[in-house]
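A single chain, nothing else alongside it, follows as structure tokens in the form predicted on its own.
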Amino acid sequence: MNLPASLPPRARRRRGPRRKPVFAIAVTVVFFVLLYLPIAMVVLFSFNAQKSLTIFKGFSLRWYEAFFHDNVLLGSLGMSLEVSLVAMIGSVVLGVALALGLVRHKGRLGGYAGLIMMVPLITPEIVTGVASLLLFKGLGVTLDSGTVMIAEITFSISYVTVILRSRVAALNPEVEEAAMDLGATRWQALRLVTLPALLPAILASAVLIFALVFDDFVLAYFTTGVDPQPLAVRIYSAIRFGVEPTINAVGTLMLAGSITLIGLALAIPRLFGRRGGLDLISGE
């Protein structure tokens, strides 16, 4: 396009082709390479035909077969699935109740409680782990799968509450009031009107919590017993004596499972015709 001759040279330069931010693009590329290259190497060497972590000598599934024949790792996998399932159910039930209570309660107490619910989200997880360990030791509780479940439920409630609170606030209270005007009790209105409207967010929160708890290491490390241990803690214990190719296979399976669950959590609202995507996590 020809620029008018009357424009000053400075204006002409501003309207010219914009230069690409080469430095910013280079920094972004380096960042993603450093972030994902180690993960890509773990995935690649999980298919290595040889017992080598530096030289790739062909594709093979031998390390996946070794994992599925390792009773110790399978026991840890079973415990992780059990802890994740219990933590998911417990945190969702309590989180839904808290979200409803915080939104429906009018007053300063509800605002203060909402701020308190944000504290676990910004507190370093290692602090929560040490505090849980000191609590269980102070009460004389033996560390086992039950202590891991309690700690994970306590930690996960805030995530569910934050996600569901905005969904509850967006509901029209007149719909529930109309149900009660038609003869429904408050419990029936909650069960037949409010909870079905919250179902997409509840399901998405449940899947997200399952994925977060299954991969959690810090909190599980401080609250688990000797045996059985969650899979993440078992992997850490194994790599202290050297990294086996089987660990690469386990890490790849955990990565694939986590990506699938988080993708499902973000897709569930769309399946119900609601908003979906990253706004689920941000609570908008």
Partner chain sequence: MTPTAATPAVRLDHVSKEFNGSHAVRDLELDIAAGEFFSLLGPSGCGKTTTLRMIGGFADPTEGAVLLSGEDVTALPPNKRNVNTVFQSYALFDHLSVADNIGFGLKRKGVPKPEIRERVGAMIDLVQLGGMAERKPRTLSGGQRQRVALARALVNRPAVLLLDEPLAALDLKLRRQMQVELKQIQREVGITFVFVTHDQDEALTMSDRVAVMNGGRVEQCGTPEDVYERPESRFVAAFMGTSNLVGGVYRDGTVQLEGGPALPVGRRPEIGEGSQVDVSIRPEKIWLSDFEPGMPVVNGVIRETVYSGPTTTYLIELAPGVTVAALEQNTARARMEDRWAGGETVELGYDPEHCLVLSH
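Source: prediction; values computed, not measured. Numbering follows the first chain given and starts at 1.
We do not show the form predicted in complex with the partner chain, though everything after this point is about it.
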item	value
Close approach of residue 82 to the partner chain in the predicted bound form, 4.5 Å, heavy atom	no
Close approach of residue 183 to the partner chain in the predicted bound form, 4.5 Å, heavy atom	yes
Non-hydrogen atom contact residue 196 with the partner chain in the predicted bound form at 4.5 angstroms	yes
Interface membership of residue 179, the partner chain in the predicted bound form, 4.5 Å heavy atom rule	yes
Selected contact from 175, 89, 169, 74, since only one has a non-hydrogen atom within 4.5 angstroms of the partner chain in the predicted bound form	175
